[in-house]
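Below you will find one chain, with nothing else, as structure tokens; this is the form predicted on its own, and questions on how it binds or moves follow later.
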């Protein structure tokens, strides 16, 4: 068994409009009980990788609040490590506040762990993947770097912010921004396996070229100068890159068959447990095809929606195709459809709030409308 150091890279996390103005995508609520980082950390844990550095660019507070002691994602709490890596020196300089400088500033983790391989993974791609399988393929190929990718047929509409790979006999020959000119493409999932020796060598080389070079520049350099192979991931993948995709991909997981593609048998998704009472369904509750989290009180109609903890839905209220985050209140006779309502907000006087699948209405955190 190889000794592996994992990096959860938050520097390239995309924005979900107003939903991520005051929080990291990593700590953004998902499916009522999870946050996005839960899936990446669970993939590490389930793959037997329990030494992880979390590369943080901004919104440190929200991430620390979610992670707590970090023991929820560590199989062996005696030897496992979840280190939050933050580049204080460059935190206020956006040009220098990038992943490579963060890794260099926190090189104590590399020195301490003395790993054989590095696995780097983002949080905006939600999937279940066994990194050990990628490492085994990496070793078999004698690769310097292995990039995980997926072959897709909807690159023009659902992977606009991603990079596209060119492959020849599974060797990657180019990496370019998706210009959305064709549907069929090999999409980089920004997940990399690199031997520790090669990783340190490449970090040193590109830092000498430019202090502004990021991890993506390292990969581009390696494609021209090293043996870079691809590993095709054939399972469920969604890139959460816009607010409407956040709504679309969340609601599609209400379908049992779709959900089975992400929540695999013997591949648990870990998260922080909140000690709240069970959901209370009152006399007028009418709930269909929805996720309802603990502590909610339902006395209205909820259909094809996701409700987080301690949401109150009063008598006569109707919620359809919407996501309601923690501690929100929906008053009597209000009708919400294609709405994303952030934490602690209240719908009190507005009785008809309807967006669309392509353009959902967003209610800001703490607002009363």
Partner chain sequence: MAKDLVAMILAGGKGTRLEALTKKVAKPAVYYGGRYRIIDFPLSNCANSGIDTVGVLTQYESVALNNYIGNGAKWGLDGNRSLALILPPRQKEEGANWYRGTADAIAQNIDFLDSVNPKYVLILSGDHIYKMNYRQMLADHLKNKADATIAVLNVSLKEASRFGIMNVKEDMSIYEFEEKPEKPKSTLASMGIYIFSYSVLKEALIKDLNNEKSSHDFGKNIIPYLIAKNKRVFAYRFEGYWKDVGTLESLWEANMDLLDNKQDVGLYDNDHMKIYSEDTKSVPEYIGKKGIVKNSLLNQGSVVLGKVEHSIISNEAIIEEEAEVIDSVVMPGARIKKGAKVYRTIVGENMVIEENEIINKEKKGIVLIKD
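Positions refer to the first chain, counted from 1. Nothing here was measured: the structure is a model prediction, and the numbers come from that model.
Separately, the form predicted together with the partner chain exists; it is not shown, and the next lines address it.
**Q** The partner chain isn't shown here, but in the predicted bound form which of 290, 170, 174, 244 has a heavy atom within 4.5 Å of it?
**A** In short, 290.
**Q** Could you spot which one of 161, 207, 258, 274 gets a heavy atom to within 4.5 Å of the partner chain in the predicted bound form?
**A** The residue from 161, 207, 258, 274 that makes the contact is 274.
**Q** Based on heavy atom distances of at most 4.5 Å to the partner chain in the predicted bound form, which listed stretch, 290-298, 177-185, 114-122, 192-200, is the contact stretch?
**A** Contact-bearing stretch, as computed: 290-298.
**Q** Does each of 3, 26 and 131 have at least one heavy atom within 4.5 Å of the partner chain in the predicted bound form?
**A** Checking in the predicted bound form: none of 3, 26 and 131 is within 4.5 Å of the partner chain.
**Q** Hey, in the predicted bound form, is residue 263 touching the partner chain, heavy atoms inside 4.5 Å?
**A** Yes.
**Q** Hey, in the predicted bound form, is residue 320 touching the partner chain, heavy atoms inside 4.5 Å?
**A** No, residue 320 is distant from the partner.
**Q** Quick check on residue 142: any heavy atom within 4.5 Å of the partner chain in the predicted bound form?
**A** Residue 142 lies outside the contact set for the partner chain.
**Q** Determine whether any heavy atom of residue 34 comes within 4.5 Å of a heavy atom of the partner chain in the predicted bound form, and answer yes or no.
**A** Flag for residue 34 set to yes.
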